[in-house]
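Given next, in C-alpha cells, is a single chain: the form predicted alone.
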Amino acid sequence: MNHLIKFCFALFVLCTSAAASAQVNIEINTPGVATLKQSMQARHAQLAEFYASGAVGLTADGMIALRDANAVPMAGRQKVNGLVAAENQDRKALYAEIARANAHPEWEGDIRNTFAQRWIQHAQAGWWVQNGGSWTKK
C-alpha cells in the first residue's frame, strides 16, 4: 500500500511538472506575429487620442470597444469605428497566431485572457478599462 501511495505521488509530480513545462510562449516571434504587432503599433498612434478622451476603452476579453460615441465628433465616428474594427481583427489574429506558433491552437482562449490582463495592467492613467463587466477609469 505504501508503494502505491509513493507511485501515485511520483506520477502526480511528473504530470504537474510536464504541464508546467508546457506553458505558452507569448513572446514568440514569427513573421506573422511581427507583422501583426507592426500593424497594431502603427494604428496605436491613431487610437491614442480616443483612449485619452475615453471614447475607446480596453475590454476584459482582450479587445477594444467604442465606449462613448459622444466623445467623438459625428464626423470622426466612422474613422474610430474603422480603427476599432481593424484593431480587434489584428488582436484576434495575434492570439490565434501565437497559439499556432506554440503548436497549441487550443490555447488561443488562454492567450487572449493573458493579453487582456496585460493590456489592462499597462493601460495609461486616464484610460477606460473593463473590470467585471463595468467600465472604470484607470
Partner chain sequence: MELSYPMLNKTIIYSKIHLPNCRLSGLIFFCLLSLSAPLYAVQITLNVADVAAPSFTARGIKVVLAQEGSAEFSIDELHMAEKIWRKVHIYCTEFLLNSAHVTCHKGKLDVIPDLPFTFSYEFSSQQLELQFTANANELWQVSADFRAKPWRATALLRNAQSKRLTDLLPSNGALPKQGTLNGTLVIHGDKAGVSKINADLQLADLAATDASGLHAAEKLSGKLHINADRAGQKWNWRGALDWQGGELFWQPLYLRGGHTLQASGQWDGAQLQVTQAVVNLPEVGKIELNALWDIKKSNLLEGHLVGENLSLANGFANYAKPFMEQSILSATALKGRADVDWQYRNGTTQVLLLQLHDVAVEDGEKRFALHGLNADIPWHAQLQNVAHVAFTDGELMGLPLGATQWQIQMRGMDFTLPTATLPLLDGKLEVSDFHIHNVNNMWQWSFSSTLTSISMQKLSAALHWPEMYGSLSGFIPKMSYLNKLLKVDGTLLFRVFDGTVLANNLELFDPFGRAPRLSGNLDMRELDLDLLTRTFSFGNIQGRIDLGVNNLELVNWLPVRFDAKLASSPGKYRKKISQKAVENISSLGGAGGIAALQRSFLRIFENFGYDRIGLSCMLQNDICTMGGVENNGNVYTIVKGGGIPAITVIGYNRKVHWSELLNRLKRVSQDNKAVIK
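For clarity, every value in this text was computed on a predicted model and none was experimentally measured. Residue numbers count along the first chain shown, from 1.
Keep in mind the form predicted together with its partner chain is missing from the figure; the text below concerns it.
Residue contact with its partner chain in the predicted complex: A52 places no heavy atom within 4.5 Å of it.
Of the heavy atoms in L66, some are within 4.5 Å of its partner chain in the predicted complex. Shown alone here, Q46 lies farther than 4.5 Å from its partner chain in the predicted complex, counting heavy atoms only. Put simply, D90 is close to its partner chain in the predicted complex: some heavy atom of it is within 4.5 Å. Residues L66, D68, A69, N70, M74, A75, R77, Q78, N81, G82, A85, Q89, D90, E97 of 65-97 are found to place at least one heavy atom within 4.5 Å of its partner chain in the predicted complex.
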